[in-house]
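First, one chain by itself: the form predicted alone, in structure tokens.
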């Protein structure tokens, strides 16, 4: 493949990735937003993470399965620990320990 085509492809991909993110940032940088909009925006990371994570927790081989899904059962105590302590490391460590324990003792 020609080096020019590779370079132009990478440059085009950079532009379509960066421009949609930079335009709102530049347009809203000097403006203040209403408190309700700021509150609404604060929920976006949680919603995006939940949307990315939920299929991994409840789907196995394309079907909803929670009874034999160790990831789903590990997520429950990890979620409770996260809510109570807000500790990222503790949450990850507990989730990994529950999955390891489930695999060691039940499988």
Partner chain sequence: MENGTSTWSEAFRRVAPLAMGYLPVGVAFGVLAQKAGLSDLNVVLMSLLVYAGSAQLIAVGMFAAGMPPLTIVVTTFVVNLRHLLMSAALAPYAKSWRLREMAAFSFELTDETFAVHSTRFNDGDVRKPLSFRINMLAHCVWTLASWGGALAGSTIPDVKPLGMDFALPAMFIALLAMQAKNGLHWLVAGFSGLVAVVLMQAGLDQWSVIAATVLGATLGTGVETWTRR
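Whichever C-alpha set is largest while still superposing within 1.5 Å between the two forms counts as the rigid core. From a predicted model like this one, the values you see are computed outputs, not experimental measurements. Numbering follows the first chain given and starts at 1.
What comes next is about the form predicted together with the partner chain, which does not appear here.
Looking at residue 45, you'd find a heavy atom of it within 4.5 angstroms of the partner chain in the predicted bound form. Remark: residue 57 counts among the residues lining the partner chain in the predicted bound form, judged by a heavy atom distance of 4.5 Å or less. At a distance threshold of 4.5 angstroms between non-hydrogen atoms, residue 66 is out of contact with the partner chain in the predicted bound form. Interface membership of residue 106, defined by any non-hydrogen atom within 4.5 Å of the partner chain in the predicted bound form, is ruled out. In the predicted bound form, 1, 3, 5, 6, 7, 9, 10, 12, 13, 14, 16, 17, 18 are the residues of 1-19 with at least one heavy atom within 4.5 Å of the partner chain, listed from first to last. After superposition on the rigid core, the Cα atom of residue 68 is displaced by less than 2 Å between this form and the one not shown. Residue 52: CA moves less than 2 Å between this form and the one not shown after rigid-core fitting. With the core held fixed between this form and the one not shown, residue 19 has its Cα displaced by at least 2 Å. Panel note: the distance between the CA atoms of residue 48 and residue 13 is smaller in the predicted bound form than in this form, the difference being 3 Å or more. Distance between the C-alpha atoms of residue 13 and residue 51: shorter in the predicted bound form than here (change of 3 Å or more).
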